[in-house]
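Taking the form predicted alone, here's one chain by itself in structure tokens.
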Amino acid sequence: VETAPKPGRDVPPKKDKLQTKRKKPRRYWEEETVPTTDGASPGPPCNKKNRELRPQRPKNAHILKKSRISKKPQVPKKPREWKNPESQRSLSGAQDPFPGPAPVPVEVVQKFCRIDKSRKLPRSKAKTRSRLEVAEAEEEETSIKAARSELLLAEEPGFLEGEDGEDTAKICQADIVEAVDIASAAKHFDLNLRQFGPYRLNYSRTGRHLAFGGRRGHVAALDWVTKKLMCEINVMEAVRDIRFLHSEALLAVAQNRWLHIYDNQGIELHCIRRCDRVTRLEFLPFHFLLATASETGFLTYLDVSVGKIVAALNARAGRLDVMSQNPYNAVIHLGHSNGTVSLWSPAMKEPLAKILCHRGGVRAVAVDSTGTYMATSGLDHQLKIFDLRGTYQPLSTRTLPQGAGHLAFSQRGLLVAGMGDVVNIWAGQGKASPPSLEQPYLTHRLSGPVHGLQFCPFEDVLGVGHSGGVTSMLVPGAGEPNFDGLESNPYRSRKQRQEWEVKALLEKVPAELICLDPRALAEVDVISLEQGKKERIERLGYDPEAKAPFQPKPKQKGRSSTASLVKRKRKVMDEEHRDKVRQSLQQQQQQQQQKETKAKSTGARPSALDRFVC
């Protein structure tokens, strides 16, 4: 019979079950340790929620309530300093040597800024002033963003430089075609159309399409880049001028009798008989207005979006055959036979301004894209450039051997003049500077007398219509190299053109807003406001905005007697009288101080006759 071994040295004693389950109590200052066996990885702590044990408070401890009033002196808290993440070091430990956004040159920002900061904000209510300040801040931020994005404009304007001492006017078109690439050389071409000339031409706003019309009824429109013909018709009537409307899908033709509208397939859409015997056409793209000048001396504005005539103005200067538009403010410039140029707006029946330019009749007028300079030529064989920024004074004058019959400005400020069968081009120092008339930039001789001139937008191309047809010349540096894809996109599809047309109609500017200074629209016309107030008072017989007489409120308990009402009225009248007397005394004191300062500034000795001077 086997017996259980007795506890001895070699055999460990058996432990009681309760004794094995009992653990040593652990205090809050002791760390929890988990025994691990060899070869086993330590696991998570035994606590199920895996959270630290909070120190336990003794049960008999007395809890002191905190008083709401602090005994310590309160120190104002420092504002939390937000750390700039850009200034912190990267993972590699290197620090950015150029932290923050790159600085933008002030000259580039001013180029895109549209707010004149030299003019102080008017004294107005706090709410209005805060809105103006917010608008200024947004405009400044927008101009900075536009200046930064200018780096993304990859194209640069072209130029033409001769060798040492070489005159660029002696460089002919054949030499330029040989020097440029194949795509640019294809933009130079001649259309021999002698049997239907002379021709007037016009480029679309995108610069992709060309329309021209001959004196003998030939009308055509084409994509001049790909040389794809859109339409070609003969109206069997003399064509005096031709213009694209807001897109290349519509075409306005001034025929011998009436004004006709065609589509890009050559189908006649409208015949406007109220515009008869039209000699010149101009289209205002942001107002959707077609301006026509006629032999009868009338300037007519036609709204092509609704098909109504907005205004018909009588210039009272005889036949009108010289007309141009200012792209900056949409003002029409008319040249007259008495040597004056008048500026017109559909909102006024009289000219906005009249400028005496030449001793003889005016033959041609052109305004640059910034609306700063105007070029005129007259029968006195003089070519003048005027400043349109309020002075209307000639900046430069040049006498030509033969008077210029046609003038045109490019987007970059180049000036072209057609004199007989010769075309001269003058260039300036930049886009914002007037062209220098001392030495021509380019010269070209055509096969017939010039009848129409226009630079192609966004291309270094000059289109010339003459008696022998149409010529496309290469003029380096004439066009703007970068275009706005949302406004004038030469590569837009049909769907994009339709969407742009809807957006342009929604953003159409009313014809009443055409004025000399577009910035004046944001100001208050005080003179017109006072005049309208006077007319309203005369019409009604009283001033509706006048201050009503004081009427005391009725009171109870016998305090609304007749004597008390009269006394209260008299008290208010006395207060108003005191205010008027106080204001008059202040004005007298100011006048006296002004007289004393004038007397001190002159430094003359006082005389007894000074008392008689008012």
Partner chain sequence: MSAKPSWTYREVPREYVRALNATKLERVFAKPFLASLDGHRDGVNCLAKHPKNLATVLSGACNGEVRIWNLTQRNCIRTIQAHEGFVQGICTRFCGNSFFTVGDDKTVKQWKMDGPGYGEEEEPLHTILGKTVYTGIDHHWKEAVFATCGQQVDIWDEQRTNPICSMTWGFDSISSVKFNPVETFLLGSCASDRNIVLYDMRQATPLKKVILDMRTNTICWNPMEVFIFTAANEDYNLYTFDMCALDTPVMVHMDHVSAVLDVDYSPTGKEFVSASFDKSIRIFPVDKSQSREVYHTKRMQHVICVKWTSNSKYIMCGSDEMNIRLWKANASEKLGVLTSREKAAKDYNQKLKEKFQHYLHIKHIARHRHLPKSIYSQIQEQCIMKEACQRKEVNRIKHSKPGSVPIVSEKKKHIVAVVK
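Numbering follows the first chain given and starts at 1. None of the values given here were measured: they were computed from a predicted structure. Superpose the two forms; the largest set of C-alphas matching within 1.5 Å is the rigid core.
One more form of this protein should be noted, the form predicted together with its partner chain, which is absent from this view; the next part is about it.
Under a 4.5 angstroms non-hydrogen atom cutoff, its partner chain in the predicted bound form has K111 among its neighbouring residues. Within this chain, Y491 is remote from the site of its partner chain in the predicted bound form, having no heavy atom within 4.5 Å. Proximity of F159 to its partner chain in the predicted bound form falls outside the 4.5 Å heavy atom cutoff. Contact check for L259: no non-hydrogen atom falls within 4.5 Å of its partner chain in the predicted bound form.
Checked against its partner chain in the predicted bound form, the residues R445, R359, K308, R539 give one hit for a heavy atom within 4.5 Å, which is R539.
Site annotation in the predicted bound form: the residue of A179, A146, M230, L352 reaching within 4.5 Å of its partner chain with a heavy atom is A146.
Stretch-level contact check against its partner chain in the predicted bound form with heavy atoms at 4.5 Å: of 461 to 469, 512 to 520, 259 to 267, 221 to 229, the positive one is 512 to 520. For the three residues E138, P327 and N482, a heavy atom within 4.5 Å of its partner chain turns up in the predicted bound form in every case. Annotation for 157 to 191: no interface residues with its partner chain in the predicted bound form [heavy atom within 4.5 Å]. When two forms of a protein are overlaid on their rigid core, residues whose CA moves 2 Å or more are considered shifted, and Y542 is one of them between this form and the one not shown. In this overlay on the rigid core, S143 has a C-alpha that sits 2 Å or more away from its partner position between this form and the one not shown.
Once the rigid core is overlaid between this form and the one not shown, Q110 counts among the residues whose Cα shifts by 2 Å or more.
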